[in-house]
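First comes one chain, alone, set out as structure tokens in the form predicted alone.
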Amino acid sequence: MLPEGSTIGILGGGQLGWMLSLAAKELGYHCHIFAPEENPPAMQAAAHHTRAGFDNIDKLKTFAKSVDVITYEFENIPVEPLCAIKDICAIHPSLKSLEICQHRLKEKNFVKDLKKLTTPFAEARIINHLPPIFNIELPAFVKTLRMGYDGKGQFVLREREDRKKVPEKLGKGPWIAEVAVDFFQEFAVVVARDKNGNTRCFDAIATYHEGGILRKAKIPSGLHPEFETYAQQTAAEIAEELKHVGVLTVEFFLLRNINGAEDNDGTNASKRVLVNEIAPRVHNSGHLTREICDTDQFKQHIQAICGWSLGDTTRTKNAKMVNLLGDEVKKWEKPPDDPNINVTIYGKGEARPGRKMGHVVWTQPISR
């Protein structure tokens, strides 16, 4: 276990890095942020900042020598430069988690190899490889293999002629095409794995997206316990297969019940719960754990990478969360005088349309 006063290096300086730094400080650690921005949000709680690109190997080596463990707050970090520092300082989660989860095709094949259900998909290297050549039904999503988040790097293919628009929208291939599935509910499971292979899941979180951006989340999810248990087991299996240390988030689709029965009846979980995406880190959907769990996702991640035992993920309250996008943050600059409403503003500066500027969490007692 890393002793109190040790320094955690965090690759990335956004709001996730900021909340990780807050959790680390509460547990007695310092944080050193490595990010290309001059004044990233994470510096509100960190002790040090190295400003450099993620491909600057010399800076990375100096950074690695100055910290006791390295983690990352998002997955779009090039793996190759990090290979140059992995023998200088431990990196958790591992580079395997990073490499697979930052590449959509590798991620889909990884899930497929685990014998878990995912959306039908196919790689496309040229325009003529796009649906229906690969028997992918329309409508379908065409996505870049890398750099996809908050709805970026994807285009909806509604008819065959839309293929011609793909290079303009997404740049030169290759791409991945995925069937647009008919789902009843989107939801996420946040799981943590420690260095000894122990795992703990938070309760499933119902998620609601607009334009590819997470807009709302709530817990409890309202899902039948059979679906929630199956998803938690799947998330734990994914973490174990990756030998992941830290927090990992799996986003799921629950398919509709095709036999006309109730969609949320708990039947055929292995055939109806699809893995959509994997994030090898703390996640936007898990922000509300800060208000309702003694060990939230950020503390859990810090504890795992520093060699602690995993904390208790039991909920003490119910919660719902709304992301504040762009100028919406201005309405919440003065927090309401209500202990059941918690406003978190990230300190990002410019409030661009669609940019996550903060979030609001409403809590309520658990009904007995």
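Note that residue numbering follows the sequence shown and begins at 1. The structure presented is a predicted model; accordingly, all values stated were derived computationally and were not measured.
From this point on, the text means the form predicted in complex with adenosine monophosphate, which you will not see here.
**Student:** Would you please decide whether residue 160 lies within 4.5 angstroms of adenosine monophosphate in the model of the complex, comparing each non-hydrogen atom pair?
**Tutor:** Residue 160: no, not in contact with adenosine monophosphate in the model of the complex.
**Student:** Does residue 212 make contact with adenosine monophosphate in the model of the complex, using a 4.5 Å heavy atom cut-off?
**Tutor:** Residue-level check for residue 212: yes, a contact with adenosine monophosphate.
**Student:** If we define contact as a non-hydrogen atom of the residue within 4.5 angstroms of the partner, is residue 184 a contact of adenosine monophosphate in the model of the complex?
**Tutor:** No, residue 184 stays farther than 4.5 Å from adenosine monophosphate in the model of the complex.
**Student:** Though only this chain appears here, would residue 228 touch adenosine monophosphate in the model of the complex if you measure heavy atom gaps against 4.5 Å?
**Tutor:** No, residue 228 is distant from the partner.
**Student:** When adenosine monophosphate is placed as it is in the model of the complex, are 143, 253 and 276 each within 4.5 Å of it, taking any non-hydrogen atom of the residue?
**Tutor:** Each of the three qualifies.
**Student:** Which residue among 203, 99, 291, 178 has a heavy atom within 4.5 angstroms of adenosine monophosphate in the model of the complex?
**Tutor:** Looking at the other structure, the residue within range turns out to be 178.
**Student:** Of 272, 92, 218, 104, which residue is found within 4.5 angstroms of adenosine monophosphate in the model of the complex when only non-hydrogen atoms are counted?
**Tutor:** Answer to the contact question: 104.
**Student:** Among 218-226, 68-76, 135-143, 291-299, mark the stretch whose residues have heavy atoms within 4.5 Å of adenosine monophosphate in the model of the complex.
**Tutor:** Heavy-atom contact with the partner occurs in 135-143.
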